Structure formats: structure tokens, C-alpha cells
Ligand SMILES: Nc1ncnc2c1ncn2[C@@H]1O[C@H](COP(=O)(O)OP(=O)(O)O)[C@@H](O)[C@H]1O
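Below sits a lone chain in C-alpha cells, taken as the form predicted on its own.
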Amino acid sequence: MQPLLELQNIEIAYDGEPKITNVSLTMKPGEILGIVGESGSGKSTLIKAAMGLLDASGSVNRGNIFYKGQNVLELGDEQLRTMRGPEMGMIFQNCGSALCPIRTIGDQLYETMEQHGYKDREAVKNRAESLFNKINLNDCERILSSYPFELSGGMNQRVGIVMAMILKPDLLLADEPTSALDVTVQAQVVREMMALRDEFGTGIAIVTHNIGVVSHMADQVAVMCRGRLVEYGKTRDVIDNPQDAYTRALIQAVPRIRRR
């Protein structure tokens, strides 16, 4: 089976200084990969590189990134724009910052869908409403007519999650998607992401600090530390029998409630 996403010996630099070195990862279609590590370890940079979303100071200096056998690093801007959405979706850590502040949520959603061939606004609205309801946003009309500044941070985060999921992408890249949400909504978002995988075979790479989320969701886990991949394997193997000292420290740092 051809990998859905494959990173081969990747080196990523910012302003010419390598920040990620010699990282290789492979995802199969329908697989969930958890990428964990402390802040600054390079987790988010990896998935941004896969989407071709590194900022101007960042560059992939070495290695290859293949999506369905196609080298993402060789694609032009127009090809990447066409791929983003129906092929590869992205949930940002702060979705609110990715929304245009002077356009309503509805206008932004409809424009995105129209760019990918969805002209029926009523059908788009119905699909959005279904997703909104599943993650506890129950006033679709008000949300679609609102500007981002009229919504709370948590609501904007959920709007961004819906916009990434509505096109049912084959690969969903999620950068700390639940960090701005309360625990109840976090659980709803995790359930809906897993339902997307179960229903459409979507592969998901999720960057998170939450070992509990990874333990619940992921088939494989990659542990990053200071730009290096220090451990990589099946989730249960890594969590139950970590081989690297950093992985053991990461797991031991998870708060536990002791019963009297």
C-alpha cells in the first residue's frame, strides 16, 4: 500500500539555521499519528512543512515530503492551493488568527467551498450546521453571520476545525487543535475527528502535548525533542514500554490523581 504521507530524512532550517534534522515518518491511509514533545521541539514545523506552509524564513534544506507519492516540495503555489482543502486540511493551534477579521464566517466558508467546486450554498450550510452541532456550536445562523471578533476564542477554534473538516480531506493535519477548548468540547472534537477517520478513511497527524489524547486516538506516536525524532512506533509500545529517557520523562510528567 502506498503511504499517504512520507517524510524522508527531513532537515528544516529557519534563517539558515537547522532546527529539525534527519526526521523520517510514514503514515498509511486512515492512520492516526500523534506527534508529541515539549514546546520548541519542532512538532508544528513538521506538519507545516508537509502542507507547504513554512513562513518566508523557513526552508526544507534536505530530504523529501511525499503525499500519495507526489513530492510536495516540487509543487508550485497553485498546485498546493488546489491540494489544500479536499486533499490536505489543516487545523491551526489558534484558528482565530487564520480567519479574516473583516469578513463574516459564512462568507469565508462559502468562498472556500466555492473554490473547490461546491456552488450550492444551502448544501454547504447544512453540512456546516451538522458539524457545528457535533462540537457543541448550536446556533449555526448566528455563527455564519458573525465576524470572528464577535465570537469567543473557543468558538473561533471550533469554526476553524469545521472549516478544515468540511471538505472531508484525505489527510488532516492538526496543530494542538483542542488546546483552547474546555475539557467537554475537547472530547467532542476528538470524537468527531475519529469519526472522520472511521467514515472516510481520513489520515490524521495530530500535534499535541496531551499524552492522554495520543493514547486514545493514535495508532502510532512520534516523540520529538530539540528537533530530533527520539522515539517512533506503535502507540501502545511507546507508551507502555518507552525506550528513550526523554519519552519516559514525558510520560511521567502526566498528572495523575491518587486515590486515598
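Remember, predicted model here, so these are calculated numbers, not experimental data. Quick note: we count residues from 1 along the sequence shown, nothing fancier.
As for the form predicted in complex with the named molecule, it is not shown, yet the points below apply to it.
- Message: Is it true that Lys19, Glu38 and Thr45, all three, sit within 4.5 Å of the named molecule in the predicted complex, judged by heavy atoms?
- Response: Checked in the predicted complex: all three residues contact the named molecule.
- Choose from 22 to 30, 65 to 73, 191 to 199, 52 to 60 the stretch whose residues reach within 4.5 Å of the named molecule in the predicted complex, heavy atoms counted. Answer to the contact question: 52 to 60.
- Task: Find out whether any non-hydrogen atom of Tyr14 is located within 4.5 angstroms of the named molecule in the predicted complex, and reply yes or no.
- Result: Result yes; Tyr14 sits at the interface with the named molecule in the predicted complex.
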